[in-house]
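Form predicted on its own, single chain, as structure tokens, below.
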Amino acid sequence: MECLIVSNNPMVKEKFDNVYFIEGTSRELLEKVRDLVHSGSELLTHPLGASLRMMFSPYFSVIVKEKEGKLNCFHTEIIESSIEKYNQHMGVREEDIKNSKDYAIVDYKLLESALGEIK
């Protein structure tokens, strides 16, 4: 299975080869994941963190299975609703830049764990 990690976390970019690195915000990352899903890729991990606190992280990493050729409506709904939830929460708060190093480590560890389950 060919998977691609979409991330804006520099630590992830350094450690893995199959990374589509986003030089940008978490919102831009979610939009790129949405574009990939719309072009036929499938989500292998959920686009949002497991807790509300992780929503304020400046770093997100999402694993997608590269283009299968046809649109998966379930995955399209997941990424669209994730962007909507992100926009709702981040409309009243900002990313927690002060703790960005800690968020980078947490994002990396969660990604590493997810990859262990996927392979």
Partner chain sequence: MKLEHRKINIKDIQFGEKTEVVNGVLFVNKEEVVAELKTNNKIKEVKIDIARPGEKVRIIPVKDAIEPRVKIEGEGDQFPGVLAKVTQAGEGKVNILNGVAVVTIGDIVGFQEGVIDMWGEGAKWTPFSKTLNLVVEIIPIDGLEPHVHEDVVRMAGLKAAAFIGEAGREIEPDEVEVYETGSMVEEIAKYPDLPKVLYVEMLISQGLLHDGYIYGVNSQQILPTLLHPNEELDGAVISGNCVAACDKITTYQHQNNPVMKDLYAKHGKELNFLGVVLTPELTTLAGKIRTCDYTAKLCKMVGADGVIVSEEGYGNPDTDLLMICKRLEDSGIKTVLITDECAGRDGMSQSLADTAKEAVAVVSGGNVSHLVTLPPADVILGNMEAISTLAGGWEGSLLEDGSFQCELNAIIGATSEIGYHNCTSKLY
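Predicted, not measured: the structure shown is a model, and the values here were computed from it. Numbering follows the first chain given and starts at 1.
Keep in mind that the form predicted together with its partner chain is not shown, yet the notes after this line are about it.
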Using the partner position in the predicted bound form, report whether residue 71 sits within 4.5 Å of its partner chain, counting heavy atoms only.
no
Does at least one non-hydrogen atom of residue 2 fall within 4.5 angstroms of its partner chain in the predicted bound form?
no
Partner proximity in the predicted bound form: residue 39 to its partner chain, non-hydrogen atom cutoff 4.5 Å
no
Although the partner isn't part of this model, could you tell me whether residue 27 comes within 4.5 Å of its partner chain in the predicted bound form, counting any heavy atom of the residue?
no
All of 6, 12 and 33 within 4.5 Å of its partner chain in the predicted bound form, heavy atom check
no
Taking its partner chain in the predicted bound form and a 4.5 Å non-hydrogen atom cutoff, the residues of 35 to 51 making contact are 43, 44, 45, 46, 48, 49, 50, 51
